[in-house]
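For reference, the chain that follows is the form predicted alone, supplied as structure tokens.
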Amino acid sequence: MANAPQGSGRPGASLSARVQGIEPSGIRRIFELMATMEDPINLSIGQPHYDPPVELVEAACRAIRDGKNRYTVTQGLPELNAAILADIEHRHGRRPETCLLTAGVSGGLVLTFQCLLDPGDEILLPDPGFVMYRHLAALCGANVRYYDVYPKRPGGRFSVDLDEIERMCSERTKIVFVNSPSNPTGGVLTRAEIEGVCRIANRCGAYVVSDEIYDFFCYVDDYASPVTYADRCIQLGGYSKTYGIPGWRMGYATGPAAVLDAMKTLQQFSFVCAPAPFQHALLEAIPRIDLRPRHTEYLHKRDLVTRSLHPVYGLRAPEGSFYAFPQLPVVNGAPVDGAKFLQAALQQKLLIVPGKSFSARDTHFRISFAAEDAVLQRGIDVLNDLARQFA
């Protein structure tokens, strides 16, 4: 019998079941839409508005010219791993067992979920939370349970309810996931909240997986990491946001050697290693770079948004990251339809991300204040005009 032609049979049969339920990122769709617009006001994309420090660019060029373009060992340059562990110990008072350089935090998430989650395992994720988390969990066949981080009252903080997490944890709970500072909310969990989450995870034998890619952009005084308190912590960090190098794909994972060794093995058969010349560049240049002016600059941008945005959006000052998560205007006692609001913004060339990209609710939207002040002010002006239209 002749072979059946490719694509025959039931619709979608050429694709695996695991990918058929995954929708393209709404954030990336907006990024693509931007390319079709003339002079858009882009407050959608999650990357810093600035270029990398000159020292880092020059170090990368030197590394490339000096022939540092071949594979490194899978876990990355030993000297860079050691520097990361020393920095974490200095900042958080506890040194993880080991470290692995990853292809961005996204690469670290893929490795972590694949190494820890089996079909039927449970993972606790924040709602709202970055869309990638739930899709990676679905690829692993895990069951996702969401804990609520929305403000408990108008104008309140994005925070966790420890009693809720306690109730949700069971013998099937494999991961309690934390993202602080948060994408999309800009919330930062307090030290007491972090310690409480870790205490619950320790008691039920779960891993705490912590996405800390925005830890540089923290505007509160007492930032805490689960590294300090969790018995089993996989910490994911990176350089994309801090140093303005999202395209370099440079991240790291730290944690127990048993898990990191498995992640290293999986990386051998997937990402192979993080980009070699950029590892060398970071190792050389980071000690010479002072990014405090950038932190001050982003604190100013946060304050500009908080101070200038119409009160109808109910925005409390974000505590970290470079995102704000205002609520949609309320009309006749209910939030305006998110799609309708997004379309009205697009008509004025303003790009924002609907809250339902991150959440089961359609009550908020995300803006990124990682933009030039002039662009940011244009966006604020449009949002204030929409506030008057809708409210």
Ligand code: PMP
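The structure displayed is predicted, hence computed values, not measured ones. For every residue, the number given is its place in the sequence shown, counted from 1.
Separately, the form predicted together with this ligand exists; it is not shown, and the next lines address it.
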item: F325, S357 and F365 all contacting this ligand in the predicted bound form, non-hydrogen atom within 4.5 Å; value: no
item: Heavy atom within 4.5 Å of this ligand in the predicted bound form - the one residue of T112, Q267, N183, S210 that qualifies; value: N183
item: One residue of R134, K174, K301, K241 in contact with this ligand, assessed in the predicted bound form (non-hydrogen atom, 4.5 angstroms); value: K241
item: F158 within 4.5 Å of this ligand in the predicted bound form, heavy atoms; value: no
item: This ligand contact in the predicted bound form: H280, any heavy atom under 4.5 Å; value: no
item: Contact of I123 with this ligand in the predicted bound form (heavy atom, 4.5 Å); value: no
item: Partner proximity in the predicted bound form: T98 to this ligand, non-hydrogen atom cutoff 4.5 Å; value: no
item: Among 104 to 112, 72 to 80, 216 to 224, 185 to 193, the region lying within 4.5 Å of this ligand in the predicted bound form by heavy atom distance; value: 104 to 112
